[in-house]
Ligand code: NAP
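Next up is one chain by itself, shown in C-alpha cells, the form predicted on its own.
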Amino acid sequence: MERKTFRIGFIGMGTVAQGVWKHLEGNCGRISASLGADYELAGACVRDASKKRGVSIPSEKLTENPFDIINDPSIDIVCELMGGTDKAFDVTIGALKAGKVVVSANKAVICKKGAEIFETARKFGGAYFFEASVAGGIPIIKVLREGLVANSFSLIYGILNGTCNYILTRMERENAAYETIIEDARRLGYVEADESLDIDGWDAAHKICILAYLAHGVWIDPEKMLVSGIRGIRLEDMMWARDFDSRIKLVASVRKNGDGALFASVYPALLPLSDVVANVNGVYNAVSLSGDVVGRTVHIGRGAGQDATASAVIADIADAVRYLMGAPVMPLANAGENAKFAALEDVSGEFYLRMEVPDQSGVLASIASDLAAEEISIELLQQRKHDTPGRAWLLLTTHATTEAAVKRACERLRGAKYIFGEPFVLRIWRGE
C-alpha cells in the first residue's frame, strides 16, 4: 500500500513556529514512522521574507500573503501560529472554508471566536486542533477530550500562566519585591508585549475559558469572570503565607456547584503547602482535574517556551494527519441552553485582606464595624510594621463568607478616612 504524504503550511513564523519547523524537519524519520505516513513542510507565510530566522527555510517556500498558503490545493494542514485575534480569526476561517485542517496555539482567538470556528470546521468538512493553546507541554486538552471522557468535572483548577508563577516563585525565594522581579522577567522576555495579558490574569482567563468549554460545553466570557492579577502582591503577603504553611499562586479555576451552576475565576490565592499545585514553581504549569469517575488527577509540565509549545503543536499535527487518514475527531461537550452560572452571592470561601492604615486607636474598631455590616467575621488579625512612620499594615483573614459580601465590604472600606488606598484581597484556597 502506497504511503501518503501530507503537506503542511505555516501562517506565522515566530518563536513557536520556528520550534515546530525545527523539530518536524530534524525528527522527520521518527515522526513519520509513528504516523504511518510522510509529511512535507510546504511553505510559510511571514511578515518579512528577508528577515533572518533561527531555522533555514528556502526562499521559494516563503510568502508574505497568507492566502498563498490557504488557497494552495496541495496543502492539507495549516498551522496558524501568528498570534492576535482579528487577522488570525480571518485566516482560520479562510482555511476552514477551504476545507483545510487547521492547527492553532492561539488561545485568545479560540476563547473569543471558538463557537464560530468549530461550526465553520463542521460546515465545510475541515477540522480544528488546538492542544497547544493551554498549558504548553501538558496535553491537558487531550486528557479532557479523550483520556477522561467518562468523567463529569466538579472542579478544574491550576496554574496556567508561567510568567506569573515565575514572578511569585522568585518573590518568595528571594524575598524580593514584585517591582524588582517584573523587571527581570521583562529582560528575559517572559512577559507578553501587552503585559496585562499575563500580570492581570487575562491570559489565564482565556485558558480556563477553553477548559470550561471542553469540560462543560459552554463558553464563559472572560469579561464576566472574576479576574484579578498579581500586581498588588507585597512581601507582607508572602510572609503571611509562609507563617501559615501556604504559598501564593495565581489560580485559574472553573467550579461546578451542587446545583450545576458554573463559576469561573482567575485570582491570586493562598494555597496550603499540602496541595501539590502549591509546590509547582518557576515557569511550570499545573492543572488539577476532579472527575466523578477517576477522582483527582494532577498534570504538571512546562507551560510555555518554544519547545514545550512546539511539542503540543506537533501532537496536534499528528492528530491532524490521523484525521486525514480516517481517524474520527472526538466530539466536544455541549451543554446547550441548560448552562447555569453562579452569582457572587452563591460563591463562598475564606478571605485574606491587607490594609494600609494609620497607626492609631479606633482604626480596627472601624474596620471591624464595616466588615460586620456585611456579616463578615474576622478569624485572625495581625498588625505589621510599615516603612512609613505613623502607618501600619493590618492583615486579617475571615471566616466563611461570600464573594459578594467581600466585594461590598471592600467598597465600604475603599476611600475611608482610616484606610490609605484600598484593601488588597487574596482568596484562601480550599480545593473541594
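Each residue number is its position in the shown sequence, starting from 1. Note that the coordinates shown come from a computational prediction; the quantities given were computed from them, not determined experimentally.
Omitted here: the form predicted together with this ligand. The next part is about that form.
Contact with this ligand in the predicted complex, judged by any heavy atom within 4.5 Å, is made by just one of I156, I141, M82, L168: M82. Exactly one listed residue, out of D200, E356, D72, E192, brings a non-hydrogen atom to within 4.5 Å of this ligand in the predicted complex: E192. Interface membership of K87, defined by any non-hydrogen atom within 4.5 Å of this ligand in the predicted complex, is confirmed.
None of the heavy atoms of M225 is located within 4.5 Å of this ligand in the predicted complex.
Contact check for A409: every heavy atom lies farther than 4.5 Å from this ligand in the predicted complex. Mapping the unseen interface onto this chain, S246 falls outside it, with no heavy atom inside 4.5 Å of this ligand in the predicted complex. In summary, the region of this chain contacting this ligand in the predicted complex, judged by heavy atoms within 4.5 Å and restricted to 343 to 351, 235 to 243, 261 to 269, 106 to 114, corresponds to 106 to 114. Contact here is defined as any heavy atom lying within 4.5 Å of this ligand in the predicted complex, and by that definition each of K51, A132 and G305 is a contact residue. Looking at 19 to 52, the residues that come within 4.5 Å of this ligand in the predicted complex, counting any heavy atom, are C45, V46, R47, D48, K51.
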